[in-house]
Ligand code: AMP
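Let's start with one chain on its own, the form predicted on its own, as structure tokens.
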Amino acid sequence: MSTTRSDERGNGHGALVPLDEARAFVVDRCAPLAARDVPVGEASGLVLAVAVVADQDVPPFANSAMDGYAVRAAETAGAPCRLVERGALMAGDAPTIAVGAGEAVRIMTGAPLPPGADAVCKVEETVRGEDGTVVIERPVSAGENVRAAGDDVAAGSEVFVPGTTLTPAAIGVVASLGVDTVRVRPRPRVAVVATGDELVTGPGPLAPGKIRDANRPALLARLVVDGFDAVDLGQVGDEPQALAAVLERAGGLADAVVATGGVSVGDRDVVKAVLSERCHDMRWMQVAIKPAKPFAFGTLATTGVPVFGLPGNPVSALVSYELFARPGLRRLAGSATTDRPRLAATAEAPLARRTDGKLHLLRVVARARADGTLGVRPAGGQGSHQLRAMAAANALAIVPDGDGVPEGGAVEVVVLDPFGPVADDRAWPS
């Protein structure tokens, strides 16, 4: 790749860049991180780089799904019937007793099915006699209450394909196969830096013209919730040498860099100049969306580490992260799915907007309604500076160019809250 200066396409001097084009530009340049072997116990949330193939059946033998009696199903056809109890099998026992004609074996859940038996009658449908017999009260069919060998996983089957995220249940499946290490993509380390002379942190009175840095804490928290390792590089003023030093440090300790501020038309040229000099294919875009129209992306020339340039307005920074940085980071992590799912919803209040040639992403509260469908309402003010409304939202409503969505209208939403849509009316905006 060749190093380029700031791309003028869609930077305020030309056409807006379509959202899909901007996203493709990012994702195409975020190659999955090099795979490594990790102990299964440390792999939760990581993404497989190599398929997991079963070398054995799970379960490895036919076993009982119930506490009851192992029987020959054909002998119960005329139930109730009386059988001779030949002993008992517990989970973990090896079967040493065969079930012969007119016989049954007491069996516990998980115990291997003894030879000769082909079904289990659950204990609730039996009556145990004092003479060493048991009465089977109803007919059972062959295979009833029996877990066949390989019923969960068959030997030779591809259990998980590359790109699969190892959830807790998936970890359990892998462990059930006796696998102790898996080949995965590492969790990306993401460095966050906020730029701008106007930023301060901490308590106390604000000097004239200063504002507190909300973007960096919010993005660091978002990265953690999304399963990435976050690295706080602090804030840097509009000074080229300082920003260059931070980028150099980030390139050596992180797999990606997220910077906020200095990407809009009219912003100081410090961020643009430093990034353009140090990045391959650095592209400055005005994307056809609202909020988060300004966006920049490139890769550090020295390390190939992706750099995401997000807007300075706090809502815009978080929305830009969702649309561009998060998909790119998920691809670094090796995930086969880079986007959150889009869900169909109904507007329970008007989702107003004006025609401006851009896709609008409104901050909304989504809830599951009594009929099982999803309803949404605006979470509050929709200004790119109104972070409190973003905090109240658990979803983004995707509203195409036009006059908005009327009450009762259909709308697509992206749910952001990891715990899903709220179901409590008290969470609705007043």
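In case it trips you up, residue 1 is the first one in the sequence shown, and so on. None of the values given here were measured: they were computed from a predicted structure.
The following text describes the form predicted in complex with this ligand, which does not appear among the structures shown.
Note on contacts: among T165, T299, N145, N313, the single residue with a heavy atom within 4.5 Å of this ligand in the predicted bound form is N313.
Scanning E137, E277, D356, E198 against this ligand in the predicted bound form with a 4.5 Å heavy atom cut-off leaves one residue, E198. Contact with this ligand in the predicted bound form, judged as any non-hydrogen atom within 4.5 angstroms, is confined among 211-219, 333-341, 249-257, 176-184 to 211-219.
The closest heavy atom approach of S264 to this ligand in the predicted bound form falls within 4.5 Å.
At a distance threshold of 4.5 angstroms between non-hydrogen atoms, A194 is in contact with this ligand in the predicted bound form.
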